[in-house]
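In the form predicted alone, a lone chain appears below as structure tokens.
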């Protein structure tokens, strides 16, 4: 089998059992890799009603056929499980060097189940796999843990870790890798922590078989050449994703003060240019990536100086403008705090901004915060709250369940300003003036995340007040973009530098030897999308349209100021978007896949199961 290592590693932590099984052609043909493998195993092996932080949940760490291969940025690892944040299917992906190392160790995916009786880590050195004690690592920060394991095992090991947030099952705990890369969304770190698994360390020395090496060299060389000659490459190398901040502000999409506004008056203090001039000390890249968007920064606060990778745009948006911090150095320090604690910066920024607005409105007081003056613009408040959340102490025990959990504790007034969908906090684009982007957040299978369909530029191109017809573009993006997660390759070269999709269509047969057309691959992506939706329908009897509804703020409150002052999206607009989306998807009016749609996509067993449960017709 070309493009794959050929093996699945199974680890039963409860039994202390390690085994390998062959990767099947059927699995590859139907689900490609990465996110596709994760969706398949989570649907088929996690029993309905399973506790996301219980031993029956599966943690699936998977690469794809392009990972670790000579082509631009084959660096993505997908990590999937039932999400503690949403109670539904969840996944996240991380760059760096883990994906290729897994394949060099002969592994396409790791499936972890059960729970070790004592803190442990998974040691993989080619065919040698062991569950080792991590008692000396438990309680340490995620970055410190990686430092210790590198010292013990050697720098050639690629390591994924969790921090105290994962150990304490914070529902937005992340998994850290390569001293600054995170699988941040959906609480994958909490799943890992619930299994008493502190880290995974991998070293491999094997190769990846390729169907047509000359063909691969030809296509990949053209891709690298086009990227290196692109006039837009230099600004990405200079500023990385930090450059997006001022652009998002200019189009009135920058989350500000808990998404109350979408234009930040102090944005210049958060700009990529200022970051480059003042705190950047070096550049960093994932495997085989010419963009090198990672920026190593130095930041100081409270007498402590730290080195951190970032902040990238999402962190700057959610911790910076959304919490009203005014200095990029402050954001960088907060970024470090989250990385070491093992907190997703997107959700952490949302949660703290939510606290700040609740504090401002008098919904909570200093008595609730334990004396913290939780005002917008306070880095002190951010850091103090982050530590409480990671340890689940005081107010942190409430906030560790995310804005959805906290709003249930604090009542109706707070729920109207709790910015999430399905329990996952909203990422970095305020969308009252971008209906297709709003719909993308509403219908994303893992909750409010932008990575499945970043369509804000489509809204700008065709008209920001246009509603009808935009659902089709969202569906299109939701088929194309997740393919990159299946392939195990970064999508930035396509999204930001315009590298043609036809290159990826040509790569697939030369790497794998399979003759799938691009249209065939899109059908497989659609299959995966419907499988994750089916997981939600199976999981919850009442799952449907209401779960695709955005926060009340977005349809009740017009944008207060800035370039889009007065903009809002109405409930009628939202229903129009969902009606068109469900029709385009082949789902019923409540957002459940029709049996005929599942059957068309080769999911006959799923259709039969849901039909017998009375969940679909």
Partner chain sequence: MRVTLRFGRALREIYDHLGESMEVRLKEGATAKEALAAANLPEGACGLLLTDDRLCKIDEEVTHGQIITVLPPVSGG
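Positions refer to the first chain, counted from 1. These numbers come from a predicted model, not from an experiment.
One more form of this protein exists, namely the form predicted in complex with the partner chain; it is left out here, but the text below deals with it.
Q: Closest heavy atom of residue 265 to the partner chain in the predicted bound form, within 4.5 Å or not?
A: Outside the cut-off, so no.
Q: Mark residue 236 yes when one of its heavy atoms lies within 4.5 Å of a heavy atom of the partner chain in the predicted bound form, and no otherwise.
A: Close contact exists here: in the predicted bound form, residue 236 approaches the partner chain to within 4.5 Å, heavy atoms only.
Q: At 4.5 Å between heavy atoms, is residue 429 in contact with the partner chain in the predicted bound form?
A: Yes.
Q: Is there a heavy atom of residue 454 no more than 4.5 Å from a heavy atom of the partner chain in the predicted bound form?
A: Yes - in the predicted bound form, heavy atoms of residue 454 and the partner chain come within 4.5 Å of each other.
Q: Spot the stretch among 328-336, 95-103, 136-144, 484-492 with residues whose non-hydrogen atoms come within 4.5 Å of the partner chain in the predicted bound form.
A: It is the stretch 484-492.
Q: To verify the annotation, which of these, 360, 393, 230, 516, has a non-hydrogen atom within 4.5 Å of the partner chain in the predicted bound form?
A: Partner contact (heavy atom, 4.5 Å) among the options: 230.
Q: Looking at 536, 324, 244, 510 here, can you tell me which has any non-hydrogen atom within 4.5 angstroms of the partner chain in the predicted bound form?
A: Looking at the other structure, the residue within range turns out to be 244.
Q: At 4.5 Å, heavy atom to heavy atom, what parts of 499-528 sit next to the partner chain in the predicted bound form? List them in sequence order, or say none.
A: Residues within 4.5 Å: 499, 500.
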